[in-house]
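One chain follows as structure tokens, the form predicted on its own.
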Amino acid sequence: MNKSSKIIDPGRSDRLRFAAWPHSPDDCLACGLCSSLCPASGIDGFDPRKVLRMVELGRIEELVEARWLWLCTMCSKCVVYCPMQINISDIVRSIRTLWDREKIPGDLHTGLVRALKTGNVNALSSQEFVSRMQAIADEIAAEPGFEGFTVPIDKEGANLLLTVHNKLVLRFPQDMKHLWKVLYLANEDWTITSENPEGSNWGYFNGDDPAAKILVGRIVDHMKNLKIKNLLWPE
């Protein structure tokens, strides 16, 4: 157990859980590795070091009101390279749990609501989703060397369950085609599901642990019901 694991107490939802931060100000060396590696650092005032210092000083209310906190992508590069093993991304996520759900910026909250209700952030019906997947498969099958390609949907006993990133369905289907081609050429046994295909866990990004558990549970249920042993999660 590293030091950062003590920061979060999932049994408490009040703001006092940050009052007794287990790190002393000396734990953060101010080396700047987190800020230099962060893809969002410097945008609209966001800086991982500033987040740490504000938590140390008990300025949680200000953090809860800071919209720039949502610029964190949760990539955890800061965690990997922090010489003091401070889990900054987990701190950010925990602060997000304190936000009023309706005040979360952008479409993060509404996207999560759609994912919980329909199984995907795009709010596509199962029929619409399958139709789009088959259309992509038809495009691949029209290319030389892929004449026999089909997209396996709800295939029981496949080796891999492939989750689907929401942005690829409507905006970047070409990226999906590249991966499917690799699986086809490798003669891999894989499948996607017609219902609840979402791989992006917006509950995690939003700091909504109950919602995150539901989304993860759906993937687990797919693997159990379809008797699949391995998960390929191209988040």
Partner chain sequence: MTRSGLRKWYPESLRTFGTISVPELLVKYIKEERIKPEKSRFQGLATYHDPCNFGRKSEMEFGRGFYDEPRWIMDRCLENWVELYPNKKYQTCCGGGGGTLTTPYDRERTFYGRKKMEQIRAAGAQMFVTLCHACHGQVNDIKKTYGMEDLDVKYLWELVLECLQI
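Positions refer to the first chain, counted from 1. Small disclaimer: the values here were computed from a predicted structure and weren't measured.
Not pictured, yet referred to below: the form predicted together with the partner chain.
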So in the predicted complex, does Ala212 come within 4.5 Å of the partner chain, heavy atom to heavy atom?
yes
Any of the heavy atoms of Phe149 lying within 4.5 Å of the partner chain in the predicted complex?
no
Does any part of Glu62 reach within 4.5 Å of the partner chain in the predicted complex? Heavy atoms only, please.
no
Taking the partner chain as it sits in the predicted complex, is Pro39 in contact with it (heavy atom to heavy atom, 4.5 Å or less)?
yes
Looking at Cys31, Leu57, Leu170, Leu185 here, can you tell me which has any non-hydrogen atom within 4.5 angstroms of the partner chain in the predicted complex?
Leu185
Considering the partner chain in the predicted complex, which of Leu112, Ile91, Met133, Cys72 comes within 4.5 Å of it through any heavy atom?
Cys72
If you look in the predicted complex, which residues in 99-134 sit within 4.5 Å of the partner chain (heavy atoms)?
Pro105, Gly106, Asp107, Leu108
